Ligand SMILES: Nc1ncnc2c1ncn2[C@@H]1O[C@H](COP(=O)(O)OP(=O)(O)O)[C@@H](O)[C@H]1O
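Encoded as structure tokens, the following chain is the form predicted alone, with no partner shown.
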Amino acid sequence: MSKFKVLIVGGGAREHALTLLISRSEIEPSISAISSNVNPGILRLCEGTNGKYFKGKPTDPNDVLKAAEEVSPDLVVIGPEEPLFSGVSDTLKDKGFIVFGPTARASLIEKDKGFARNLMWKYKIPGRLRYKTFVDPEDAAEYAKAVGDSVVKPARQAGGRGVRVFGETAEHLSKIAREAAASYVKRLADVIKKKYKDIENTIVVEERVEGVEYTLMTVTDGYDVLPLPIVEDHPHLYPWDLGPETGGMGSISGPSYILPFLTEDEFKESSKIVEMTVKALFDEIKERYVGAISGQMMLTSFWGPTLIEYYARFGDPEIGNLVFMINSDFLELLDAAARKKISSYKLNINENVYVVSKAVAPEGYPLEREKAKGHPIAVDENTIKKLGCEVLYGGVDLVNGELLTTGSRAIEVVCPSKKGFEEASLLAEKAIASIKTLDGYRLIHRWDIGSPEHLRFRLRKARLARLAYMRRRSKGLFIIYDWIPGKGLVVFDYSS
């Protein structure tokens, strides 16, 4: 009997984690992959399962189709968002391949933030924020200047880059904050218009909220939605959530489905948001969403569980945490979703493990990536594995036997502990000591992820947010009024 064949699209740490989870299946699959870089971790797993590794553009439907036709996979798993946006899933499905990953139209839920926000308001999905989208940067600048407290984002998904928060922390600084927001809008719009030609709107300006962020990843076949354990990402570059936002400098999860700062009810509310979104997508585009859909959430003082952004895929680094949390056959889950048979699948997780992931990046990431490129890097995997941790290769490329940085997060270490986050965090610190550049170039990471101090900070912040939003709900305070230039008074009703 021939082996079950899987083709992985993408070559980052997320795809390394997925390949690792899939390789553990009792089906004992043969795994192949296609990516623009050579990921040594994925390459090793492909070679170990008699699969193939293709060098090609994951965003090019023709490159991926060529690899699929050579391998004839039973299942194709698309990891990153950009291949989804460029129609890779559509091309493969048109040729009869079974694909885990939504079509280009369905992946608008991530690609187009205006589409996502409009969907939430149209179908009255809880956890929605006030927002406005703009084609003209002048209009966006005027609006940002008028509303004050706001978050400015690219309307198009841009790999987590470009998001800027403008808060009026003091009355005498309000004018400066508003002027800064208006100026930033124009600069950002110029960058987005030059880089992306596949979306009409350029800028989204939405209300600023504060609270504790977390990610709910789910798997769906378009009918049923299966929530995975909550993971908390740490997007800021420096300790204590300072510095520019990145793709994620590390994450924590466990024990069980819910992190210590969330309640069972908040987990259920978060799951309901994603479930309603999957249903709304079908109602809107008349197409079943098949694949991973994740909610980057925030527990806010206004609304409780609040949707910050959707992902049309698993989060990175979040999926890496599940390497130590998923006990059941992950390949069976992805295959069942792709074949629209998820209803009978039972997820079995490790209920008693705390997991900490930390990313190591070359200095210069994320704002000066050219400086962060091309540095030889070495990883002592044996030492890291003796600590009980796992290495996930991300922004690296194996070139003529030498491992070089590509300018992004290079390596992620994932460490489990039965005792708590502190031990897992300390193990990760020991593991990171085994990662070095061979040219002496500086590597950076966040030491505070999983530390007792950071967890206490999260618990205190979540408790205050919970007290505030519960009181708001008890008083029935669900209507907000905004003054929008050119339109006057606008009413936002959150009551249903």
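Because the structure is a prediction, the values reported are computed rather than measured. We number the residues from 1 along the sequence you see.
If you look for the form predicted together with this ligand, you will not find it shown, but the lines that follow are about it.
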Every residue of Val209, Glu245 and Glu309 near this ligand in the predicted complex, heavy atom within 4.5 Å: yes
Looking in the predicted complex, any heavy atom of Val163 within 4.5 Å of this ligand? yes
Even though this ligand is not shown here, does Pro235 get within 4.5 Å of it in the predicted complex, heavy atoms only? yes
Can you check whether Lys113 is within 4.5 Å of this ligand in the predicted complex, heavy atom basis? yes
With a cut-off of 4.5 Å between heavy atoms, is Ser425 one of the residues that contacts this ligand in the predicted complex? no
Mind telling me which stretch in 296 to 304, 389 to 397, 279 to 287, 357 to 365 gets its heavy atoms within 4.5 Å of this ligand in the predicted complex? 296 to 304
Listed residue (Leu92, Leu333, Leu404, Val151) with a non-hydrogen atom within 4.5 angstroms of this ligand in the predicted complex: Val151
Which of these residues, Glu275, Asp380, Asp74, Glu213, gets a heavy atom within 4.5 Å of this ligand in the predicted complex? Glu213
